[in-house]
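The data below hold one chain only, encoded as structure tokens and taken in the form predicted alone.
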Amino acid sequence: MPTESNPQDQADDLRDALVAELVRQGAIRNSAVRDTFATVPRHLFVPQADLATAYGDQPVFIRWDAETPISSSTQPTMMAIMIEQLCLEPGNRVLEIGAGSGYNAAIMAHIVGDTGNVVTVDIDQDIVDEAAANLSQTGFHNVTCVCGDGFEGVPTKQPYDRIIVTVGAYDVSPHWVNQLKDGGILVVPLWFRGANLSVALRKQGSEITGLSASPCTFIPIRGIWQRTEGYYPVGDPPDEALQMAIALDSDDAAYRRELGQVFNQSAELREIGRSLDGQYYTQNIYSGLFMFLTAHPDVYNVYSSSESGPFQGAGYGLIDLDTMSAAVLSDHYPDKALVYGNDVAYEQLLDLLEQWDELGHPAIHNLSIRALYEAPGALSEGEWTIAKRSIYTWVMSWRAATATSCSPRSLS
């Protein structure tokens, strides 16, 4: 008679299946990362979840504030992508902002080995204590758990070869940069006008230069640098008829009031001379369309919950307040734009889309990012700056695709 497998065998089988899927997706590209995910038992770090959930490709929320999650064990796909971006090596000293369950710290501790160490910091003492207990019980003694505000890093343990931020941030803390060795790598989820990207940055003297970027979603950072970004309603007071929201770095009632005037004009569907089907984030998270459009200083992610208005769902809006005009792209109309007011914004959008075609529709993996302490005197051809609440100037450009794995032990 067949016998039921024991829980340990079930966990091993589910973990192997998860790792195989992460490799198939391309989230894992490096043999050391693969072997680590195949070894470290995630279910022991999230005992509140059943085995199927623990080894599902999904986040496991471990703390809530009312109905809002404030801490989690990150989705394995996103965790693997960020670990690959971090380019860990044996012997590295690593700082993690956001301890969660301790599982991510265990993954990193396994890769850096006994000659390396990991420091993980979280703002809540109970989360720190739970992560420390999980790490101790699973035998990871090269991890130090600290309670503190992640914005400040952990200066007593610096310098670090690598820093990873596992909460959504609006900017790069100067403390992280100061505590990172020159040549070291920082991986951080950042907000760019509604687009969330996990960005790998290398510290090089007076600037931090992007190595790679990947779409992501994270619980926002708490503490000193608590995020103010979000989708704010168009109109002040919010226009109930429009039911529109726009992605802003912070609330600006005067700006929202002007937007209400623009979008309360009649809208007309106009041809854009091409189809953008498959190029929206909702269809392909790796599409570079939105980040390309940010070369225009007044392009934003917009959203409407209306079920009857001309604009519904998610889209990208180019807004020209000087002429009270706007043009909105939406996956509902892949070959058209919704035009509000006169044609000024619409014509600017058509010019941008011509350039998009000439570039060959680059993906997020082709995006090059630099963060400068001082604004550059001049930009090179093909570069642009993106308006962002930041102590840095963020310079973007497009480049040929490069492999995200930086270890010689890449999978064949």
Ligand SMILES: C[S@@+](CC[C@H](N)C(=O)[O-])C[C@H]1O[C@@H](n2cnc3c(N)ncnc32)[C@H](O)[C@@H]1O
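Everything quoted here is computed from the prediction, not taken from an experiment. Numbers follow the displayed sequence, beginning with 1.
Below, we turn to the form predicted together with the ligand, even though it does not appear here.
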**Fill in**
As a check of understanding, the residue in F192, F263, F292, F218 with any heavy atom within 4.5 Å of the ligand in the model of the complex should be identified as F218
**Message:** Can you work out which of V172, A314, V112, I127 has a heavy atom no more than 4.5 Å from the ligand in the model of the complex?
**Reply:** I127
**Request:** Mark L276 yes when one of its heavy atoms lies within 4.5 Å of a heavy atom of the ligand in the model of the complex, and no otherwise.
**Result:** no
**Item:** G184, heavy atom within 4.5 angstroms of the ligand in the model of the complex
**Value:** no
**is_contact(Y103, the ligand) in the model of the complex, heavy atom dist at most 4.5 Å** = yes
**Item:** Partner contact for V167 in the model of the complex: the ligand, 4.5 angstroms, heavy atom
**Value:** yes
**Prompt:** Based on heavy atom distances of at most 4.5 Å to the ligand in the model of the complex, which listed stretch, 66-74, 347-355, 32-40, 366-374, is the contact stretch?
**Reply:** 66-74
**Prompt:** Mind checking whether each of I97, V121 and G148 has a heavy atom within 4.5 Å of the ligand in the model of the complex?
**Reply:** yes
**Message:** Using a 4.5 Å cut-off on any heavy atom, which residues of 17-54 would contact the ligand in the model of the complex?
**Reply:** none
